[in-house]
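One chain follows as structure tokens, the form predicted alone.
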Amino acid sequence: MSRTRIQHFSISLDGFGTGEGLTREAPLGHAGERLHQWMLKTGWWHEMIGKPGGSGCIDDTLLRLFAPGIGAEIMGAGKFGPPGWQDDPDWKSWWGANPPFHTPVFVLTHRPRPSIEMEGGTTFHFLNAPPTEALAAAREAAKGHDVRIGGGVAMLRDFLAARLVDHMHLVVVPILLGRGARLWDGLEGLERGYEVEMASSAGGVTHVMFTRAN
């Protein structure tokens, strides 16, 4: 059976995965790009935006696992767009005409709309469904490949609480946000169901891997 994976999701030292005050102009709220500076320095990111250079350390190596083996993604409404995007019939995501997913993407929202087919193989489907039903739909679309659980924070908590995540790669960034959406709330003892590994990088972040224990 395909696995469910959370990939390189960044959190602060105090556990926040996004800041407070999300808007169209500030997609991550007061956190800005501080949670993702480590990523922006890598060769993988430079290739994504068509620029030369970038680092080739462990950060880059792990980021290159983004696409291989992934057949579908599930994301929350807060990742797909800013607050209120459901009232804008022309909103088609943050990522322009050719989003980086290149798979079916299932957006969990209380206000579904017709699917949107984008360039490059990405099609956004909109579901009002609990995690188990959303995962069943994504697995069918993934055709035996893995399903990425893409965030935001509240959706990750829901899937983790339901014990539906097989592998999780978190990136702990050495900043303190103090407010926003905190990943660990309500997940006390989660680590007992996983084998946990950690590795520090020259880029200053710590990679934490949770793999479901057999």
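Quick note: we count residues from 1 along the sequence shown, nothing fancier. Because the structure is predicted, anything quoted here is derived from the model rather than measured.
Quick note: we don't show the form predicted together with another copy of the chain, though the next part is all about it.
Only one of Pro68, Pro174, Gly50, Gly53 lies close to another copy of the chain in the predicted complex, with a heavy atom inside 4.5 Å, and it is Pro174. Contact with another copy of the chain in the predicted complex, judged by any heavy atom within 4.5 Å, is made by just one of His169, Arg182, Arg157, Lys41: Arg182. Only one of 148-156, 56-64, 182-190, 42-50 lies within 4.5 Å of another copy of the chain in the predicted complex by heavy atoms, and it is 182-190. The shortest heavy atom separation between Gly21 and another copy of the chain in the predicted complex exceeds 4.5 Å. Under a 4.5 angstroms non-hydrogen atom cutoff, another copy of the chain in the predicted complex has His30 among its neighbouring residues. For the chain shown alone, Ile6 is not a contact residue for another copy of the chain in the predicted complex, no non-hydrogen atom being within 4.5 angstroms. In the predicted complex, another copy of the chain sits beyond 4.5 Å of every heavy atom of His36. Judged against another copy of the chain in the predicted complex with a 4.5 angstroms heavy atom cut-off, the residues Asp88, Ile116 and Thr123 are out of contact without exception. In the predicted complex, no residue of 62-85 lies within 4.5 Å of another copy of the chain by any heavy atom.
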